[in-house]
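A single chain, nothing else alongside it, follows as structure tokens in the form predicted on its own.
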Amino acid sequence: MTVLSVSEVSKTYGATRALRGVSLDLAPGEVLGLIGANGAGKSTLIKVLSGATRASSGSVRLAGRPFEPSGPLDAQAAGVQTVHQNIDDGVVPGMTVAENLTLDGFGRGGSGWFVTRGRIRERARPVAADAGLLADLDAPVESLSPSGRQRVVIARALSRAPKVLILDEPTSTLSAAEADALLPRVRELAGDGVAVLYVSHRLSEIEALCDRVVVLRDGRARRTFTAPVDRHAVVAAMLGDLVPDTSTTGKAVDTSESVLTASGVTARPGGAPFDLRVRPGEILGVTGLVGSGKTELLEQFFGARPLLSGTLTLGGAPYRPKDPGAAIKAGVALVAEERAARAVVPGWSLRAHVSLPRLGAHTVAGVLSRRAERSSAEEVVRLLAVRTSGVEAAIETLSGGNQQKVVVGRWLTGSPRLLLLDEPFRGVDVGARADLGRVLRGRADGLAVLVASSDPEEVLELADRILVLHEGSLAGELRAADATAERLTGLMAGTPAREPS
């Protein structure tokens, strides 16, 4: 029996063919993984199924009937619920957590003439409890962390008893503990007969959760795997057998000098002071659970928040930036955690995004030079193999991974001394990660990189050395060559694994 059937669906945007005859079936109680490199067509297929856009050709059937939703609300009413990757698309700022959890119910009528805070809270309480959401129901939703807002969106979707649940990178902003709690809940839903389309770049989740896996590449469904899946075969299908080479990870680095030296710094209030060094040509990974202090530490180095304790030197000279502008002038750049909220301006072109943080470098006689902007943008496209129709393309027309390449690459055109990357690979596939790693390692100017990620696999793939934070304190430091995901996870949780005897 099939609940959702996609047959030869294609979608074109002008000269761009985002989908090329995609077909797949989804059965009740099945968790179907959808995976592919950035730009493979995953987001476009999700938009078609969620009612956000119409297919150019092909057909979709839901429970045996034609499914042609006129919009997202139409799709939801038919029983297709979607949790999108950009969490801020799913919450309404200015409203409470409870109001966001019950948004649909009160918007469809049948609630009487008066809607009070008490009634809203009463309806929201079981929705939150069923999803394990412990947030203050009266708090403004924008006061929650990214992971908190994501859990609100997921909780609301789960409350709707969907026939088909589409989860687009649902754990991208969750801590390891939160992700571990979500995955069994997804299996429970499947056990109740819900058909789940699960989109993720985290292969470990795909392996653990999915009954089958469909791989998209260049807008086509290339292969379908049945569990248990072969990870190498999945990656090869995604990238066309061009499996990323991470053999340079953990390389030896010259220890005679440091780009950044931090002495007695504190990641967050209550944490113990510690020291760190980032050397020329080195990629230093910092990992830890959400709330361990990773973001706070990077923001202190960038002048976005005051230094809590200790001293910093940059290139051997005292360094204490009073604000991000001072950090940028000193050669320090930050790629922030929340790309959609803090790094991307909808409607602006790729060209404008590249020049945005360094307008002075693209100005001639006090006037912004389009020629200089285009030159820098073209350099980023070439350097990072950005897939785009051109440098004048609106940023939102790029896939998430290609947007991230632009956000990272725009700093590289300015030759910074220290690049701070905060959760840079959320929603970014292994191929795009490999492209970024290749470029960062290939810098001839001795660029030092400090990358923070809550995913141990990501830091193992990229870093030469790894620092692990636990509740604001340094739990351990390992060379990448000596580290494993299990060792890192133990340190992150504050329960380090015993060394083999």
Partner chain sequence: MSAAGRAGDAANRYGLLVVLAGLLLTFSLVRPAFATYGNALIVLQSVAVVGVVALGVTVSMTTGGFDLSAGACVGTVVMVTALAMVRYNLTGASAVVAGLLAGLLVAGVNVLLTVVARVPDLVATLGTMFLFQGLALIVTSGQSVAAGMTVDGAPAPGRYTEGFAWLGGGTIASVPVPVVVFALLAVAVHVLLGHTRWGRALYAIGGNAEAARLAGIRVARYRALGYVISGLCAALGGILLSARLGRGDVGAGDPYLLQSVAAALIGFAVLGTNRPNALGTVVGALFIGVVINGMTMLNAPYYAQTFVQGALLVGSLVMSFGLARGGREGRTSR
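Small disclaimer: the values here were computed from a predicted structure and weren't measured. Numbering follows the first chain given and starts at 1.
Here the subject shifts to the form predicted in complex with the partner chain, a form of this protein not shown in this document.
The closest non-hydrogen atom of residue 363 lies within 4.5 Å of the partner chain in the predicted bound form. Residue 359 belongs to the set of residues with a heavy atom inside 4.5 Å of the partner chain in the predicted bound form. At a distance threshold of 4.5 angstroms between non-hydrogen atoms, residue 143 is out of contact with the partner chain in the predicted bound form. The closest heavy atom approach of residue 430 to the partner chain in the predicted bound form falls outside 4.5 Å.
Site annotation in the predicted bound form: the residue of 228, 94, 346, 191 reaching within 4.5 Å of the partner chain with a heavy atom is 346.
A single residue from the set 218, 138, 130, 396 has any heavy atom within 4.5 angstroms of the partner chain in the predicted bound form; that residue is 396.
In summary, the region of this chain contacting the partner chain in the predicted bound form, judged by heavy atoms within 4.5 Å and restricted to 316-324, 268-276, 376-384, 82-90, corresponds to 316-324. Scanning 327-354 for heavy atoms within 4.5 Å of the partner chain in the predicted bound form gives 328, 329, 334, 336, 340, 341, 342, 343, 344, 345, 346, 348, 351, 352 in sequence order.
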